[in-house]
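Next up is one chain by itself, shown in structure tokens, the form predicted alone.
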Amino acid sequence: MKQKSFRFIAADILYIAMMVVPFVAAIILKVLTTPPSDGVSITGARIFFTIPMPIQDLIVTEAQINSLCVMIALFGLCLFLTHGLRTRDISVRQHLAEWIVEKVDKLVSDSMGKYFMSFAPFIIAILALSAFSSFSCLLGLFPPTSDINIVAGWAILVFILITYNKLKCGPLHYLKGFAEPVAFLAPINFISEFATPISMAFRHYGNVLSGSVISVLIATALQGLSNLLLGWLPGFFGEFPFLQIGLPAVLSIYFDVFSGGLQAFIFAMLTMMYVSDGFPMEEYFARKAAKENKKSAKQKTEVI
């Protein structure tokens, strides 16, 4: 029992370390590699190094490293919440894990229908990855959602899922969908099809990046205004940016927490909407029933 208890505690410590250590390492990396700068500095993700590749070199950026840190931390969080699951004397963490699963299952069921319940793990994964990527800026890190390459990768993955579900009735049925409701709208429908991942990526990326830029600009403006109005004070009091106290924190709560969480939720909702709406459910089940009837009739013929 003691040995089991020790292993349980050791596993918990390992899972907590998986949640904390990646962000600590990312902060240390940022401090050690960020060059000193004066005034406002609004840049994209810094490039750490480049790996030579046959077709195109692989560029490793700050956004990729921070995104990897978020994924490791989320993996550790999942292991921590599901560690020691029991049927009796349920712990607080198990209550939390079950509550998350129930809410996500209900969200997917209400938005997509019972047929798509298997999408629940993917939806909570993309929702958590997006939200915590945006929240990472609260630690002073570059949020991966402020990099169009990261968000575009998610959008392309969603586009593949949309196309896969549309093709479940065959390529011909998929191509015929471009001519609906009338044939001359096919070019517009074709453009609309490939505009879906582009709009999803730029909507998410633009909202998160704009919030970060506005926060930096306001904080810098308040610092300059503080020096202008209170610079006459002697010593430390003249240099301290008193006007930066309070307002940047309030703006951070809105742009980084509320807006970041909202954009993550919107991205997940659009994913569910596009996938479920693109799936031709009636035609799919009609074809499936026809195939089963044909197979059944063939078996009866062979028996006779």
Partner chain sequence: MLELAIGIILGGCALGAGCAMIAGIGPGIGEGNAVASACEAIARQPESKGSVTSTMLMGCAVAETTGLYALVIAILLIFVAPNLLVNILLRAIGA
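Every value quoted in this text rests on a predicted model; they were computed, and no experiment measured them. Positions refer to the first chain, counted from 1.
Separately, the form predicted in complex with the partner chain exists; it is not shown, and the next lines address it.
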Does the partner chain get within 4.5 angstroms of any non-hydrogen atom of G153 in the predicted bound form? no
Do N207 and the partner chain come within 4.5 Å of each other in the predicted bound form, heavy atoms counted? yes
Given that the partner is absent here, does S199 sit within 4.5 Å of the partner chain in the predicted bound form, heavy atoms only? yes
May I ask you to check whether K168 falls inside a 4.5 Å heavy atom distance of the partner chain in the predicted bound form? no
Within 4.5 Å, heavy atoms only, which of L251, L270, L68, V60 is in contact with the partner chain in the predicted bound form? L270
Does the trio I9, I13 and H83 actually contact the partner chain in the predicted bound form, every residue with a heavy atom within 4.5 Å? no
Please name which of the stretches 199 to 207, 155 to 163, 91 to 99, 126 to 134 has residues with heavy atoms lying within 4.5 Å of the partner chain in the predicted bound form. 199 to 207
